[in-house]
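In the C-alpha cells that follow, the same protein chain appears in two forms, which are kept apart as structure 1 and structure 2.
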Structure 1
C-alpha cells in the first residue's frame, strides 16, 4: 500500500550482516499494509551519537538497537519507557512528539517464546543467564518480575556482572548471584538449574564453533537450555545440550516475538507470528 511517503526504519548494531530483522520487519509491513522499508546499518561504537542524530534529521519512523549498543545508546535518547526504564537496556527506539523514546522488547519477547514454544512458566524456576550485556540485563530484570526462585548470572567481566547483580538488588530487592566463567562453583550452579540461557553472542554466525564455557553435563535432566542466538538455528551450545538429552529452545522465536512487539510500538498494529517465523526459518535452513 504505497502512499508516496514511505517510512524509514532501521537496525543499528555491529555486526549486523547476519541479521534477519530486515526480512522480518519488511514482511510484517507487507502483511499489515504499512508503507515502510526497514534497512540495517553497521554502526561502530564511535559513530553511535552521529547515527542517533541521523534518526532525528532523516525522520526515521523507528529503529532497533542491537549488540553492542543496547546500553550505550541511552545517553542519546530523550526518555526511557517500560522495561527499558528499569533495566537500562534499549532495543527499540520510537520517535514520538519530537522525542526519541527507548523501549526494550527483549524480555517480553523471550517470555512469549518460553511460554508459547517451550511451554515453560518461569515462576518458581532456578535460572542461569550466561552474559551480562544488554540482552542479559533485559532478561534478568524481567525474569525477576516473573518471580523466579533463583537467578545466577555468569559473565566474562566480574565487575560488570557485579554491577548487574547490585542493580537487581537495589531496584527489585532480588538477591541474584554473580559468577565468572572460571568459577569453580559453576557445576553446583548447573546442577540446580531449571533453565540455562545463553545471552552472549558466542556461537553466532560466522563463528559457528564457539560456545560459552558452562558445564551443561551437570544440569539435571529436566533442565531447558535456551540460546538467544538465532543464526544458526541450532548453535554449538544447543547441539551440546541436545547430545546430553536436555530440552532446547532456539533464539528464533524470541527474535520474532520481540520484532512483533517493536512493530506494534512503531505502527500500533500487531503482525502475526506464524508467517514471520516460517519465513525466517526458511531463510536460515533453506527449507521450502
Structure 2
C-alpha cells in the first residue's frame, strides 16, 4: 500500500514510450529503500515551459530530460552545473534550495562504462566519435577533459561537425579534427584509433541492419569499438567489429551508469550497477 507521501521523479521527453528509465530508477529506489516513484511524461516542445513550472509547483524531487528537450530546457532552469555548463545540454534536473539545477550525466556515464566494463582508461588514447549530435557532444567534452591524445569527429553534416570542433577548441583549447563519412582520410584515422564510438542512432531497433559507414577493418587489433545504441545489445556495427576480432562495448552500461549518477544527484545515494544492468538486459532481451 502506497502512503501518498512518496517523492515524485519523472522523465520528460517525446517520445518516451520505450524508455527503460522507469524500470531503472524505480528498481534503484527499491534497492536503496527510497520512498519514491519515477514516471515518464510525454512532453511536447510547446509544453516544456509548463512542464518545468509543474516541476516547481508539484514539488518533483528530480527529473530526467531526454530528446528533444536536452538543450531547450536550459532557459527554464536557474543554473547549470559541471558538464551541463560546458556542453549546454541537460539530462538531469535537481531541485536544490528552491532552485532547479541542470546537470548532464551522459559523459560521465560513458566514462564509467568504459573504465568499469571495458577496463579502458581514456587518457592518452586516440578516439574517433561517429556522429555530432547531443551524445557525441557530451562524450567529446568529457573525453577531452580526460586528456585523450587525439579526437576525430565524423559527422554527416560538415557544418555541424565544424561547429562542434570549433566549440571544443574555444572552450577547452583541444584541437579535434572533423570529417564526413565520405572522407578519404577515414582509413588513416581508423588505423590510428584506440577507441571508436558510434554516437549515431544507426543500428537502433527496428533498423537492425543499419550501421555507420566506417572502415573498421583498418582499425588496429587492440582497438575497442563502442556503440551508444543499447537496443539491440549487439548492433550490426558491434557484430562487424566482433567478426574482425575487435573488442566491443554496448550502450547498455552507459545507460545504467548515467541513471545511477542521476539517482545519486537526487538522493545522495549510489545504487549498485549489477542488479540494474541485469534488470534492463532482461527487459531488452526477454531472457531470465
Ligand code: NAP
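All values derive from a computational prediction rather than experimental measurement. Residue numbers count along the first chain shown, from 1. Rigid core: the largest C-alpha set superposing within 1.5 Å between the two forms.
- Looking at both structures, it is structure 2 that matches the form predicted in complex with this ligand.
- After superposition on the rigid core, the Cα atom of residue 169 is displaced by less than 2 Å between structure 1 and structure 2.
- A displacement of 2 angstroms or greater separates the C-alpha positions of residue 34 between structure 1 and structure 2, with the rigid core held in common.
- Rotation of the smaller rigid part against the larger between structure 1 and structure 2, from C-alpha superpositions: 13 degrees.
- With both forms fitted on their core, the C-alpha atom of residue 266 sits 2.6 Å from where it sits in the other form; this compares the forms between structure 1 and structure 2.
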